[in-house]
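Encoded as structure tokens, the following chain is the form predicted alone, with no partner shown.
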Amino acid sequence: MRIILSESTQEAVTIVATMVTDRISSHPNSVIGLATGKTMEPVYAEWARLAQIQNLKSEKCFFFMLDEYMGLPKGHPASFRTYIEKRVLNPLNLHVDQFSFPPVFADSIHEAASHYELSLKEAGGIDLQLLGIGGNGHIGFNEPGSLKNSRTRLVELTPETRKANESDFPNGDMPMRALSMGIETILQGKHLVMLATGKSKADAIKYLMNHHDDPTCPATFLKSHPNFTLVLDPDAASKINLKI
């Protein structure tokens, strides 16, 4: 595990966004995994800014979404598809056929999840996977109790996760379930980059640093990956002691 401790939140955001633009610049055919959530919002804004400055061409890239809520109508403002369209697809002038979204509208979710796994395999796997971390240590929607060998599947959202995201659903219509890549699916990415910012993530980062392969904190499974980079701002790192 490689740890990058930044001096500010903005620096942490810029580091992650630069990793993405550098990857696309050097490997125009990259397959990139996208995460959502408030932590990632400034990353996508910085990515778009850097892409414009660099005149970065991304039309040969392909993108996979990490997860999606179940039961939301198409075009719902809180869906992760809408989130990515607003923050990545449209600002970068990309085409919808460059994206694979979790097939939450399929008749058979089990078959759809298997198809998503097949699509990942046919794309050659993910070259760079962006990740956040939940306050309870979840990655994607792999909640505490998830197994290391889990694959893309239907998951039940914990009360902690639903509370953390309830502000996105002012009408109280937040789903109870989601479709998410599994931990083993994520671990098959060639390079994993996790960004953690803010004091609300400090306890999860402390636990991550001190435990290995612990299902109560799914993020700990990532430490076994040979190319896992953890980028922290000062608040997220406030409860750990790094001697550099």
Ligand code: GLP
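Every value quoted in this text rests on a predicted model; they were computed, and no experiment measured them. All residue numbers are counted from 1 along the displayed sequence.
Below, we turn to the form predicted together with the named molecule, even though it does not appear here.
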Just to be sure I understand the contacts: of 155, 84, 128, 133, which is the one whose heavy atoms reach within 4.5 angstroms of the named molecule in the predicted complex? 133
Against the named molecule in the predicted complex, would residue 116 count as a contact residue? Criterion: heavy atoms within 4.5 Å. no
Evaluate residue 175 for contact with the named molecule in the predicted complex, applying a 4.5 angstroms cut-off between non-hydrogen atoms, and reply yes or no. no
So, residue 37 and the named molecule: in the predicted complex, are they within 4.5 Å at any heavy atom pair? yes
Could you tell me if residue 165 has a non-hydrogen atom within 4.5 Å of the named molecule in the predicted complex? yes
I need the one stretch from 23-31, 62-70, 47-55, 209-217 whose residues put non-hydrogen atoms within 4.5 angstroms of the named molecule in the predicted complex. 62-70
Taking heavy atoms and a 4.5 Å limit, what residues of 200-229 are near the named molecule in the predicted complex? 201
